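Just one chain follows, in the form predicted on its own, and it is written as structure tokens.
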Amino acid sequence: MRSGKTDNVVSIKPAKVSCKDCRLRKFCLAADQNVEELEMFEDVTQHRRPLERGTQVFRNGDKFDTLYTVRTGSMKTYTLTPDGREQINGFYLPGDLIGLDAMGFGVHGSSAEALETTNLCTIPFNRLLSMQSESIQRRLLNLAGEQIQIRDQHITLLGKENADQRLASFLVQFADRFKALGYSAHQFNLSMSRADIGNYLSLAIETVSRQFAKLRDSDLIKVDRRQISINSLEKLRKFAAPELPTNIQNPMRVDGSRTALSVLT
């Protein structure tokens, strides 16, 4: 059973941050907005004070009324099995939109939790719709369709028989995501635990530890707790699978514009 978790959604006073000056604007819902739309979007969007690690933003069964974009930090979404165990659906990095899958049902089908100190932009859904923005409507439709594609790709990833290929693919995906955000693709921290990685990849934690050691012994990576250093991204990519798409989880062009949804569900 899970313990030490926050039971209630945290109420947080908004603080204004300029959308037009945000470097993540090109990744979020505001990406395609003109000057007038951006001003309206700024008025709608609220900015939370930092969430501590382990804070829940929403829970499975909560009423859906808000979309969230990660500004800094990282999140995970999960559901609970009948015996109370977590099943992780996805990990979210800066620029990722959370809560999109609840639009059609009016309630959240999963829970969202901060993996580290995290800042979120909150976007009340009804106020977003009241903008009557065609660019927002198109982007929401695109993101909804791309979410289905991402889910299918994750199923394909879980179909790999070799545990080392699953982990290598996971690391390649994060390397590509960090690169798209303007960070190093060769050295980064994984905010999630080994248990969370195993849960997401359908691997035992002992298997995850062994595969990290195998990749390290093969001189593909270096590991220092949660810090990962990739010695050769291309070699790791080939090890993961020659046919693995480089954009399987957070597809973006090199110039930073998205070609598919970043939400990992």
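Remember, predicted model here, so these are calculated numbers, not experimental data. The numbering used is simple: start at 1 and walk along the sequence shown.
In what follows, reference is made to the form predicted together with the DNA, a form of this protein that is not presented.
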Exercise. Answer yes or no: in the predicted bound form, does the DNA come within 4.5 Å of a heavy atom in every one of Arg48, Glu52 and Gln56?
Key: no
Exercise. Quick one: from Val44, Leu203, Leu215, Leu233, grab the residue that has a heavy atom within 4.5 Å of the DNA in the predicted bound form.
Key: Leu203
Quiz item: Quick one: of Lys238, Arg210, Lys222, Lys26, which gets a non-hydrogen atom within 4.5 angstroms of the DNA in the predicted bound form?
Solution: Arg210
Practice problem: Would you please decide whether Ala163 lies within 4.5 angstroms of the DNA in the predicted bound form, comparing each non-hydrogen atom pair? | Solution: yes
Self-check item: Touches the DNA in the predicted bound form: Ser193 (any heavy atom, 4.5 Å)
Solution: yes
